[in-house]
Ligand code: HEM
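Here's a solo chain for you in structure tokens, the form predicted on its own.
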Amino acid sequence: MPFRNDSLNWGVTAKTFHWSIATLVFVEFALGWLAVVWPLTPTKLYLFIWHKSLGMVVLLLVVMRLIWRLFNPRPLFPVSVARWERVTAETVHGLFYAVLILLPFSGWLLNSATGVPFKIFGWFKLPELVAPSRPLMGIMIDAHILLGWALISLLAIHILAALRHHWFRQDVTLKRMLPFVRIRESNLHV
């Protein structure tokens, strides 16, 4: 399978970024929720360390994916996709990138505002972005939660749209993002 996108298909690199980030996002929701509700024990600390560390991995992967996408344009839309759907898809993807950068960044700011030093996976220290500040900590908690809900909303739209294309429109939109699948019918795109 080619590493680069072509006019019909997402390449292996784009698919790897997509599914890696998607998997980590779902793991992040689980870790974040568990870390918040877990009783005050060493396990709670480890849940937060993993949540914060994986959040930085998501941030890095999203930045790498954006750089890859700059030099490797997306495949064309199927002919059956209306203009409004194309605009909506591009808007949702743009919002995804924004939220997937802002969410870990807000967590980083939140951690900095708490004044608690943090090492990614216990290996290297994450630089502090701001001085400890209780008021900023409160703002960043709210921002982090709001961005989390925004991401959940975007995920719902994204997943429902992919399933709509697959089951109701019966086009190749979902299939061409699946691992190990290549579309070969060139007449399906404009």
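One rule holds for the numbers: they count along the sequence shown, beginning at 1. Everything numeric here is computed off the predicted structure, so don't read it as measured data.
Below, we refer to the form predicted together with the named molecule, which is not included among the displayed structures.
TODO: Answer yes or no: in the predicted bound form, does the named molecule come within 4.5 Å of a heavy atom in every one of 155, 159 and 174?
DONE: Per the other structure, all of 155, 159 and 174 touch the named molecule.
Open item on the list: Using a 4.5 Å heavy atom cut-off, which residue among 56, 143, 130, 150 comes into contact with the named molecule in the predicted bound form?
Closed with: Looking at the other structure, the residue within range turns out to be 56.
Task: 4.5 Å heavy atom contact, residue 139 to the named molecule in the predicted bound form - done: Flag for residue 139 set to no.
- [ ] Verify the contact flag for residue 26: yes if a non-hydrogen atom of it lies within 4.5 Å of a non-hydrogen atom of the named molecule in the predicted bound form, no if not.
- [x] Looking in the predicted bound form, residue contacts with the named molecule include residue 26, since a heavy atom lies within 4.5 Å.
Open item on the list: I'd like to check something about residue 45: if you look in the predicted bound form, is any of its heavy atoms closer than or equal to 4.5 Å to a heavy atom of the named molecule?
Closed with: Flag for residue 45 set to no.
- [ ] Could you confirm whether residue 38 comes within 4.5 Å of the named molecule in the predicted bound form, counting heavy atoms only?
- [x] Output for residue 38 is no: heavy atoms all beyond 4.5 Å of the named molecule.
Open item on the list: Where, within 42 to 74, is there a heavy atom within 4.5 Å of the named molecule in the predicted bound form? Residue list please.
Closed with: Residues within 4.5 Å: 48, 51, 52, 55, 56, 58, 65, 69, 74.
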